[in-house]
Each structure stands twice: as structure tokens, then as C-alpha cells.
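Only one chain is shown below, in C-alpha cells, and it's the form predicted on its own.
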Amino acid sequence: MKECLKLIKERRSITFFDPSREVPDELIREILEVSATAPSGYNLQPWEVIVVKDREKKRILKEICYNQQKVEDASANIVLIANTRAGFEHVDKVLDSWVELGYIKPESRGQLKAQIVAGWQEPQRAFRKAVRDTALFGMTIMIVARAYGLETHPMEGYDEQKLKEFLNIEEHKVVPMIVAIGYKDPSKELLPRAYRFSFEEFVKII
């Protein structure tokens, strides 16, 4: 438990990465596979990922991200994509698994599918579901990365339309964040953690 708490408290949004150090593809794969155990409504896992590692593609991505240098210096940039149609596209795989594992009886499958799909019919509700669950996945990536000795920085500063065009992302999909990942520049020192609201400021127990 102490080690888990240590990782959570150690996580910082690093703005200076070591451009000379690469994170192996195998390690990125492992981090993403572990992170994909993150929770999601009805286990629909509405996230998709594009990992931008190529040097020239990172240069283009940097421009799309309003010239944030960390985009180019990080070993990779994990583009998190929320699929607002996941309720329709993923439901059969999920329910087939539930039947196979004994979570539900085969005769309950049709009714449950109709219930799940109904929850994704309204566009704003589908948007919230997809973005919320993809954000949970993103947070898990950052904690898991720390467990492997890596640093991350979640970014919301980018031109989403240009990003979609660059990566051929369909219009019904949303990009809640990009997570830069890599090793900290050893020549730079972190400042103390910035102000955090106290328990009394953000919690009400009723």
C-alpha cells in the first residue's frame, strides 16, 4: 500500500523531458495494457490510442500543440481518443464475454444490450460517458508510468481539428488529452508541488 501511495504522490506533470532517452515500444505497450484495466461504464472501454514517436511526426504534433517543446522532447505522445459510439460498437464483445464468464445468463443478454445502447443514444450523454472513461484511462496511464520510472504530462493545449486531420481521427471521436511520456531531463530541478486545495476547501460530508 505504501508503494502505491508513493507513486501517486510522486506523479508530477513534467515539462522538461530528456530528448536523448527513448522509451522502448515494448514498455509503452506494457504500460498501456496494464492501464487498460481502468474502469469504464459497463466495461465498454470507449478509448483508443495513437502513440506518436516518430521524430518528424512529433515536430508536426508540436505545432498542433501550440509549439509546446515537451511534445518534441518527450519520447512519445499518447493521444487519447474517446469514441462516442462505443456503446454501439463495443457492446456485443462485452456482453459475449459476460455470458461466457457467467456474469449474466444468455437469456438476459438482449434486454441488457437494449439498456446499454439506450444510454448512448443522446449525443451529450454519450460524449460525457466516452470522455469520462477515457480520462480514467489517462490517469491510470500516468500512475502506471511512474511505476516504471517514467514521467508524464497531460495536455489539453492543441488544435483538435488539426489534430484529427493529422491523425485521421473520425469526427464522432473526441481527444480529451494527450499524455507526453518519457524521462525527466536530469539537468533540471523540479520546483515544490504547487498549491493544492485543503480537505476543508473541497470536501463536504453530509
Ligand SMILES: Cc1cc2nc3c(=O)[nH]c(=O)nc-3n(C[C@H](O)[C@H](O)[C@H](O)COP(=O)(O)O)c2cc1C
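What you are looking at is a predicted structure, and each value in this text was computed from that prediction instead of being measured. Each residue number is its position in the shown sequence, starting from 1.
Quick note: we don't show the form predicted in complex with this ligand, though the next part is all about it.
A residue is said to contact a partner when one of its heavy atoms sits within 4.5 Å of a partner heavy atom; G149 fails this definition for this ligand in the model of the complex, lying far away. Taking the partner from the other structure, this ligand in the model of the complex has a heavy atom within 4.5 Å of a heavy atom of R196. Residue contact check for Q68: one or more of its heavy atoms lie within 4.5 Å of this ligand in the model of the complex. Proximity of H153 to this ligand in the model of the complex: non-hydrogen atoms within 4.5 Å are present. Listed stretches are 153-161, 52-60, 166-174, 28-36; the contact stretch with this ligand in the model of the complex is 153-161, by a heavy atom cutoff of 4.5 Å.
Taking a 4.5 Å heavy atom cutoff to this ligand in the model of the complex, the contacting residues in 9-41 are R11, R12, S13.
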